[in-house]
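Below you will find one chain, with nothing else, as structure tokens; this is the form predicted alone, and questions on how it binds or moves follow later.
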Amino acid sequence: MLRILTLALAMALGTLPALAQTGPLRIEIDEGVIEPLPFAIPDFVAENAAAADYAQNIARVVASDLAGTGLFREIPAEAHLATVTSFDSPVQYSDWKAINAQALITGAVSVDGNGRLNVKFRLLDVYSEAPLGDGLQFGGPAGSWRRVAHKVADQVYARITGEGGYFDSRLVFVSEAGPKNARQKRLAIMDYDGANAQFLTDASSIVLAPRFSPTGDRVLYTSYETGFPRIYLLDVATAARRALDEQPGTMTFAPRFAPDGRRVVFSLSQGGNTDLFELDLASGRRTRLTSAPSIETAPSFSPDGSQIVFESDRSGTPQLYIMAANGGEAQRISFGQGRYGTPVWSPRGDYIAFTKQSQGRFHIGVMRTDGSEERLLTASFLDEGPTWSPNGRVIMFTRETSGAQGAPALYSVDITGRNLRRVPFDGSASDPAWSPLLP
């Protein structure tokens, strides 16, 4: 097996993946600092002329995906002693050992006469001089080459860490433009790494808090196009949309899908009171879940759909509570100093991410589902609105800078608080929501 230094992350979190049980490992933990695993990925071999650019570009995206996790370190091409000119040629492991590569990724690309791309790759353990898993190949239209690269990276990540990847996924978010006091906001969608951005709505009205369906083909969001907040459901492929639960004299906001994708939980405000409701999308039947004189908002289902975590000021300040998915008595889980909000249940079911405001600073944090082991991952002038990667290892959020020229941007951080990174996007962005892995 690879000498997987990255498994120190799982050890530190007490969740060692199954892969660690299958062979000897050298795990180094130095006060929580993880030594990234060095890997080499030569440009993939172009098996015909039409594949030349794709071969290089795919290898670069795979390398970027892996290095961007903070768990892997690419050995640059200028340090390589060997070249890979054929996918089937024997590997000279001694050349890769000499540059201290622990993992080697090789691949080949071809494009047929119909413009269809075929990519095959191998992941090799340099020190045991053996493949780590079987070789795989992916195919698709040449225009989808970035998706193919993300799929390769997901496979490499999974084989080395024992966990699912998150690279072949998308973000829906609010793209912002204009001065701070008159921002134009549009829904947009892009790859998790900032590529292939597209707008889903125009800038004619304020939009907030988009949320993906469990299958990633629909988006819930809040719009002010009527002058009051109202929930809309949008089809990602066609951009067709419709308003949900149009009840006179009410305002609806903060929607989120149930894990089955057939129901939506949201906040409804009427007569000065705000409570949580559930809506069946097929029948339109609405069910009240809370009935308190306080403000209940920002609901999020547990992955199994049995519970909901939400924000409420029933104790005097915004705090986090958990209740059964069909309503009933709620249990408070946040007890630290400050104000808590925007809770989101991890797809793994083990943590809840949240926004915290304390002593003039904003934080993104995580806690266990019973409120224990609270850990703050960030601190700044304004951090808010966490969303989880599909594998539950990374959190993305909005960070806004202070001052008249301050603007929001998307950042990510892993659940240990390491590897804080700005997500590439040409412009201001807020309110991210991470999709599941694409089919």
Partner chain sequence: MTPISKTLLVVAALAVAGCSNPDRFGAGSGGAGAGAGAYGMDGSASDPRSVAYFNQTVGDRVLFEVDQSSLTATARATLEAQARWMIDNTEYSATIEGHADEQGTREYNLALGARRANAVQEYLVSRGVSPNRLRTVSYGKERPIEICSEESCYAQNRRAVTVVAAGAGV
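All values derive from a computational prediction rather than experimental measurement. Numbering follows the first chain given and starts at 1.
The same protein also exists as the form predicted in complex with the partner chain; that form is not shown, yet it is the one meant from here on.
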{"property": "Segment that reaches the partner chain in the predicted bound form - one of 301-309, 71-79, 265-273, 93-101, heavy atoms within 4.5 Å", "result": "265-273"}
{"property": "In the predicted bound form, Phe362 touching the partner chain (heavy atom, 4.5 Å)", "result": "yes"}
{"property": "The partner chain contact in the predicted bound form: Gln357, any heavy atom under 4.5 Å", "result": "yes"}
{"property": "4.5 Å heavy atom contact, Gln184 and the partner chain in the predicted bound form", "result": "yes"}
{"property": "is_contact(Gly113, the partner chain) in the predicted bound form, heavy atom dist at most 4.5 Å", "result": "no"}
{"property": "Interface residue in the predicted bound form among Asp280, Glu129, Glu246, Asp202, criterion: non-hydrogen atom within 4.5 angstroms of the partner chain", "result": "Asp202"}
{"property": "The unique member of Asn326, Ser291, Gln198, Ser315 whose heavy atoms fall within 4.5 Å of the partner chain in the predicted bound form", "result": "Gln198"}
{"property": "Residues in 213-252 with any heavy atom within 4.5 Å of the partner chain in the predicted bound form", "result": "Asp217, Tyr224, Gly227, Phe228, Pro229, Val236, Ala237, Thr238, Ala239, Met251"}
